[in-house]
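Just the one chain here, the form predicted on its own, laid out as structure tokens.
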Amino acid sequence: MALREVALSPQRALAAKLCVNHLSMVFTRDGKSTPVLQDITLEVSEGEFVCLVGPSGCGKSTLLNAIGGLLAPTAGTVFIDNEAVRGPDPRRIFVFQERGVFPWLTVEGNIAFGLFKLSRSEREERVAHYVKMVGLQGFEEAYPSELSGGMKQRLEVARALAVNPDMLYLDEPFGALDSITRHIMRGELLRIWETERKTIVFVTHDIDEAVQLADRVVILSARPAAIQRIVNIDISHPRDISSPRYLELRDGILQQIGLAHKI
């Protein structure tokens, strides 16, 4: 069975959460225009996990930033829940590779940072819930400098989830971690996603990471990035990375982006 290209995930019966319509992006500097994104059209369902992959520098992060309202597209539109995206929204949270935890706050303080509208008891309950969910019990009073890289990344995920967003945008969040910690964090993120069922758009340069995590993988071309293919990862979790279907999907994506004979 070859790569399966689909327009929507197996959750196609659900209304689209995210609609990207003919989005293009051109950066202009000193009178010179550089096309970055070209006519991107994409739909993501409620609760779906979608990974964006493509050659280095193709515009994956630019697309994520446009979806999240951090950049205004040159052309096209982005809608979430049938509302046009015109800027950042506290209901949708970014998690970046550069860890954004506050070094002057404890684990509890970081998770509680965006919960100022809650009562004290509600805030304490919410913090305790996410401390437990990401496995940081016993470290509530620790500062980020006292945590390992993986623990800091779990803390950032906990802080993002604590404000109860309806979408998460993750931009290579595990890229700076060592291979063992990265593998552990993928499992942690999947466990959390299966519990919370947030809609996730995840940028990665790691094809194995995409095939391990995603419902669908969106393959972008070299810049100016266009969608080459959308691949349905038709394997249930937990995924056996040595299974013939897994290897077929991974190798097919590598071939699509021109890396099949370069690693």
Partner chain sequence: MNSLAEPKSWEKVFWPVAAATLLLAVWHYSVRWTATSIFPSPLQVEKGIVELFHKHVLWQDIVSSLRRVVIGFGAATVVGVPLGLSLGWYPAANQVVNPVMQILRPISPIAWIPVAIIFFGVGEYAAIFLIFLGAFFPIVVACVNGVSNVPSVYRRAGRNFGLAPSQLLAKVVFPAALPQIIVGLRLALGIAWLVVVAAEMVAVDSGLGYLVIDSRNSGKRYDLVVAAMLIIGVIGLALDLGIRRLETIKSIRWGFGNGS
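Quantities reported herein were computed from a predicted structural model and do not represent experimental measurements. What we label the rigid core is the largest C-alpha set whose atoms superpose within 1.5 Å from one form to the other. Positions refer to the first chain, counted from 1.
Absent from the display: the form predicted in complex with the partner chain. The rest refers to it.
Kindly confirm or deny that Asn65, Pro103 and Gly114 each have some heavy atom within 4.5 angstroms of the partner chain in the model of the complex. Every listed residue reaches the partner chain in the model of the complex, so yes.
Only one of 114 to 122, 129 to 137, 182 to 190, 74 to 82 has heavy atoms within 4.5 Å of the partner chain in the model of the complex; I'd like to know which. Careful reading of the contacts points to 114 to 122.
With heavy atoms only and a cut-off of 4.5 Å, decide whether Arg154 touches the partner chain in the model of the complex. No, Arg154 is distant from the partner.
How about Leu170 - does it come within 4.5 Å of the partner chain in the model of the complex, if we only consider non-hydrogen atoms? Close contact is absent here: in the model of the complex, Leu170 is far from the partner chain, nothing within 4.5 Å, heavy atoms only.
Evaluate Glu146 for contact with the partner chain in the model of the complex, applying a 4.5 angstroms cut-off between non-hydrogen atoms, and reply yes or no. Yes.
Is Leu70 a contact residue for the partner chain in the model of the complex, using a 4.5 Å heavy atom cut-off? Taking the distances in the model of the complex, the answer for Leu70 is yes, it comes within 4.5 Å of the partner chain.
Threshold 2 Å Cα movement between this form and the one not shown for Asp81, core superposed: No, because once the rigid core is superposed, the C-alpha of Asp81 moves less than 2 Å between this form and the one not shown.
How about Lys152 - superposed on the rigid core, does its CA move between this form and the one not shown by 2 Å or more? Lys152 C-alpha, core-superposed: shift of 2 Å or more.
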